[in-house]
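The chain below stands alone and is given as structure tokens, in the form predicted on its own.
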Amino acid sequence: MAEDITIAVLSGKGGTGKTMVSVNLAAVAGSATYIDCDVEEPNGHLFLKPAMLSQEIITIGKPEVDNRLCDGCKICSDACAFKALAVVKKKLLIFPEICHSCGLCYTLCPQGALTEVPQSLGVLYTGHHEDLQVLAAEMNIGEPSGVPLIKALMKHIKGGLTIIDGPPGSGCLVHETIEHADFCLLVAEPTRFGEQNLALVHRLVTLMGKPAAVLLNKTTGDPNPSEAYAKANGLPIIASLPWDDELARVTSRGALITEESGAYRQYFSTLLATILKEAQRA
């Protein structure tokens, strides 16, 4: 396998088959790293079933006030873009559930009444599936942003081949994931909704200067809006995966199709080789 290449598998929306593609690419990659960046709802482990080696609590700083120093000046609450601070009757109230840990309040406080205290954001897991290193993180329910979890995951990229199972959509979590990729594989379904969300994530990778190609999943031979978008916008179509009842059944029970079908193992091995060739050329 090629050295020091990071592939991000992305989708503009959930349900396109992104994780199915990611875990099967990882399963045929041999000695490589798989990182599940869908920190709001990681599910790659359901397919890879890794032997877990360690867990690490990831913390993030949140403000804490010393009421002996705070004079209720409202400088911090007026500056907070997320409205996580409020002053009521000269008393500062902090709402950690909506705090994004930007640190602005500590910087602006003229009395030095605010300090940063660590709070749990989520858990980072590491394990192995045969020769594949498996990493994932899961954000605590109710946290406003999982970006620090993705930053923590990305620190585990040590070289060699890395396959990132990105978060769905095109928001902040996806942006942080793309930042570390050498090549982006966009998985799209053949619907109008799929086309619209493919367009969003395609624009994002283009703005970030990342080479990309699309895999058209669940194709049926009927008109495919995602295919039409790709052709109209110069997005290379690297592969097509027809709808298959057997693939759906195997995936629905949390199994890897590449471990149950020689034909699919060959399909994903060829797909990975093609992606690596495109990534090296980019």
Partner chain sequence: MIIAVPAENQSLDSAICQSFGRAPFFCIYDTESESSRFIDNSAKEASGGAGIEAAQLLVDQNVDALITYRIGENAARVLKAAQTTLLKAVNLSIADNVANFLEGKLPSLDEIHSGYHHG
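Numbering follows the first chain given and starts at 1. For the two forms, the rigid core is made up of the largest set of C-alpha atoms that agree within 1.5 Å on superposition. Here the structure is a predicted model, which means the values were calculated and not measured.
There is another form of the same protein, the form predicted together with the partner chain; it is not shown, and what comes next is about it.
- Among Lys151, His156, Arg203, Lys74, the residue placing a heavy atom within 4.5 Å of the partner chain in the predicted bound form is Lys74.
- For the residues Cys172, Leu108, Val123, Met208, the 4.5 Å heavy atom test against the partner chain in the predicted bound form is passed only by Cys172.
- At a distance threshold of 4.5 angstroms between non-hydrogen atoms, Val87 is in contact with the partner chain in the predicted bound form.
- Put simply, Cys102 is far from the partner chain in the predicted bound form: not one heavy atom of it is within 4.5 Å.
- Under a 4.5 angstroms non-hydrogen atom cutoff, the partner chain in the predicted bound form has Ile94 among its neighbouring residues.
- The closest heavy atom approach of Ile98 to the partner chain in the predicted bound form falls within 4.5 Å.
- Residues within 4.5 angstroms of the partner chain in the predicted bound form, judged by any non-hydrogen atom, belong to 79-87 and to none of the other stretches in 110-118, 161-169, 79-87, 125-133.
- In the core-superposed comparison between this form and the one not shown, Glu97 has its Cα shifted by at least 2 Å.
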